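Coming up is one lone chain in structure tokens, specifically the form predicted on its own.
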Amino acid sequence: MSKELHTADCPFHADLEAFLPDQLGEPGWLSQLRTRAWNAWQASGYPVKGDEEWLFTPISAITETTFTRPTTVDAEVFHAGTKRLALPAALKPSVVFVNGFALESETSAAQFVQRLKDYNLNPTGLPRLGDLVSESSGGFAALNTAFVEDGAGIVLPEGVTVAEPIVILYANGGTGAPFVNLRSLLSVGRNSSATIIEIYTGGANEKYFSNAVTEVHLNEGAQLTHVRINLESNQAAHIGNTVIQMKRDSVLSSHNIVLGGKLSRHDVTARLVDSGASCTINGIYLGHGDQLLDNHTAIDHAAPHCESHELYKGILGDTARGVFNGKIFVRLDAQKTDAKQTNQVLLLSPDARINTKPQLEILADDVKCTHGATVGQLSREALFYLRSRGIGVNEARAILVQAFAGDVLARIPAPAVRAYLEDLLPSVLPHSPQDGK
């Protein structure tokens, strides 16, 4: 990498200098990708005040802490994270990374699952890292690409059906305020299908910064259920960027569950580039304390006869803040598009806040598109009804809150994942002040 990149006042410069010598044997294309990404990070840096995409999301949880890239694997980080998760046997991870490093003792030899460190050595004829997310995808994505080293590579060939969920676990944290870059490359071959779960977790109160990028390729007729679970530390900063490219007649069912992080931001972009593609992008975000949970989605209809359905629900208590920005683009040639977007938010405290902004940009004239957002509190009528049946006030509130959240979980087509989240949810749901919790 050129020395002109080594600008000492650039964030994470010292970490980069310590990191680069270990990458000397990497392929030339990856080295070039890394160089371009670091250049882009130097040019952009952190989002600045007034940046429209970050208007309601201050990043002081990142900028006011000195984070350092870890260099060794700490198995205790894995144990602290999995203790909180309590995963059932049906969701045993196929591959585990601790602060971005593979934990060999907890990784099984699952079919179609590789480490990116191995995959990147010879990706000929297959999707390549950086095809969808590279230096031009925003500052944090560029930072991730500059430091990319390992991660999960799941590549299904044509005509394969994987019955059991493939689980990727990223456990983060430990001492010294770690800074970790996490990368996943997922590709589902023509007429193949799979369920893939990405889980991000850490100890309950550890401070760290996890910067995650996922690239998803769906080939013709491919079907993917993709579930992303964020149960990071309550003191952590988590920045996520997921980009999906969908070919002809492919089907995506995406579900984003945000439960952790002092600051959590996740951008999801789906590009429907061929006709007949269909995507469902749902999410739920649960905030308590002083958490800030930001969800940005963008669905790009670039081809005719495609459809998208989106439902995001938020539940915010205490002084938690939420942000939802959902965009639907319908390009000029994308006739016969059918797109629907809904954001619903439940505020359990007078001090909880939400900034929601659904957007439509339509250039085609033969389409069916709707969007909307609602913000409210628990229904007094519903509470009264439950109380009149002898149910206590706290239990009645819990029933209504869980029913509101459960609507999203019920749409997850993978039974094992859905059952796990339904069991997990009661322990992490925010409570209203009247609950006394």
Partner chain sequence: MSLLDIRGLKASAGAKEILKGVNLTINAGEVHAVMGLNGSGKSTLANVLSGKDDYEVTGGEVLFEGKDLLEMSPEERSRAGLFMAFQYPVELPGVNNTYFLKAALNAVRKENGQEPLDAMDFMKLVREKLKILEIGEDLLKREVNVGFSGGEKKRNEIFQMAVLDPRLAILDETDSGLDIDALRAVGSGVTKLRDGKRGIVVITHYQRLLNYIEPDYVHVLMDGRIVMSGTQELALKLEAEGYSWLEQQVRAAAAV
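Just so it is clear, the structure is predicted and the values come from calculations on it, not from any experiment. Residue numbers count along the first chain shown, from 1.
Here the subject shifts to the form predicted together with the partner chain, a form of this protein not shown in this document.
- The shortest heavy atom separation between G28 and the partner chain in the predicted bound form exceeds 4.5 Å.
- Using a 4.5 Å cutoff between non-hydrogen atoms, A403 counts as a contact of the partner chain in the predicted bound form.
- The closest non-hydrogen atom of S388 lies within 4.5 Å of the partner chain in the predicted bound form.
- Although the partner is absent here, K368 sits far enough away that none of its heavy atoms falls within 4.5 Å of the partner chain in the predicted bound form.
- Though the partner chain is absent from this view, in the predicted bound form it lies within 4.5 Å of a heavy atom of just one residue from V375, A61, L55, A382, which is A382.
- Interface residue among A410, V48, A43, V393 relative to the partner chain in the predicted bound form, by the heavy atom within 4.5 Å criterion: V393.
- Contacts of stretch 249-280 with the partner chain in the predicted bound form, defined by any heavy atom lying within 4.5 Å, are made by none of its residues.
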